[in-house]
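We begin with a single chain expressed as structure tokens, specifically the form predicted alone.
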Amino acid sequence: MKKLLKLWVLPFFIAVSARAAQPAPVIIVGGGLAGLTAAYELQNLGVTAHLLEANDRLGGRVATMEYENGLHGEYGMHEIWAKDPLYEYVQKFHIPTTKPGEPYSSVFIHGKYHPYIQDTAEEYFAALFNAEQRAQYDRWLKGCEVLYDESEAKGLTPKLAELQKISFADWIKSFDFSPKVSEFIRLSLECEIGADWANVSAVYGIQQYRVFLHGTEKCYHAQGGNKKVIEALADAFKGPRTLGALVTRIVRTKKADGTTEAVVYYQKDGVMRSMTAQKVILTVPYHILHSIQLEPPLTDTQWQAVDAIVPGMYQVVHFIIDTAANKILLIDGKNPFPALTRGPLGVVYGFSDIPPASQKEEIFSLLIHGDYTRTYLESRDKMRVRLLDEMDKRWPGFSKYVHATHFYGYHPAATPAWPAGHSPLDATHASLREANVGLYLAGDYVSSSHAEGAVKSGRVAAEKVAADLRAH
């Protein structure tokens, strides 16, 4: 019986051992912007990392959908802002982009359409606001610039700490603006944060209004789709990567000499595998952190920071439409999109460029955000009917030009947001940027939101890991 047992145990042990990957200095969990940035920057610092990604593609929430008819549309990150560190990689890798765009958009305010088809923002505001309304907005914008600069230079000052206690909505109400000015600010902010302005702190709202400050910030799109940025980063990173690897457990230990060791367990092809490293950079979205066993766990303060975050929610809809629809969408031959609405349509992105006359179809996009995204529990057919009805109310006859509809969503959260009492500047949230027994967190929620926060946190994590490896 003992001999028989040995015959069974030995082959099983060999099989398990063969499945364990060779040790790597650093393991990066997550192949989105934060993970790819960390991997690339570690490589530049002379450190090789092994990248583990749960999906069958890299890029996370930077995603471009291609259709059989040669069309493509973004269903993740739309804009690449000029001051985002991501744009530095666009320039470094010589990625062709579209012409720079303005942050301001057409708006629907109190049922009236205010299209942005003027040649300059000055002309647009002259048509949108009267003199007093424009003065109110300009005064507030200058004050917002001062507060934003203060947050960047000094962090959470006493003045900003007071603003952190209240919601962005209550802060705006304190100015007693014209309803039109307040609604314009609300529309401009909520599409950036994916949440109601009453659900975020004034400090976080100020940070997210950055693209409208100091003369506004230009935005770009990669020609051929923003996935080109991911492809360039992935090509530049020469280290090993494993796709389809769902990480479920990360166990770290600290040795007597001060070094750390981590074992990362992941599922791939129906098999639980493991990989060892000295350090781990965990870049999954904040709402997925709870699904991974962390041993030892995050500190109580770190969990408090994570649990304080509220979801910014988005859902993208692509209508494939007949280009003949442009006769009801364009204004004097000009493209008025994007258009901001407060309602089920969210941001009517429309199309980025007017297609050539020879093109028969085009992608027309919606970016639904906030509470209206909670309809993910509703049937897509019902949603499609309601959205087309809403489009017909604003652009009569739109629905008859629609050939197909495609939905793309992130559940339960697309981006992080911070409620009253919290912001990325407070001490609790700063704990997320501290190492935890060889574990480093990275992702938009660690720094701010969107691509900017993801890239910044990936860079910082890479620098800290490289420094710690040199020290030991």
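Residue numbers here begin at 1 and follow the sequence given. All figures in this text were calculated on a predicted structure; none of them were measured in a lab.
Separately, the form predicted together with a small molecule exists; it is not shown, and the next lines address it.
Contact here is defined as any heavy atom lying within 4.5 Å of the small molecule in the predicted bound form, and by that definition each of 33, 316 and 414 is a contact residue.
Among the residues 135, 330, 161, 288, the one placing a heavy atom within 4.5 Å of the small molecule in the predicted bound form is 288. With the partner removed from view, the residue among 241, 228, 384, 78 that has a non-hydrogen atom within 4.5 Å of the small molecule in the predicted bound form turns out to be 78.
Between 245-253, 99-107, 161-169, 273-281, the stretch whose residues reach within 4.5 angstroms of the small molecule in the predicted bound form through a non-hydrogen atom is 245-253.
Remark: residue 462 does not count among the residues lining the small molecule in the predicted bound form, judged by a heavy atom distance of 4.5 Å or less. Mapping the unseen interface onto this chain, residue 422 falls outside it, with no heavy atom inside 4.5 Å of the small molecule in the predicted bound form. Using a 4.5 Å cutoff between non-hydrogen atoms, residue 121 does not count as a contact of the small molecule in the predicted bound form. Of the heavy atoms in residue 29, some are within 4.5 Å of the small molecule in the predicted bound form.
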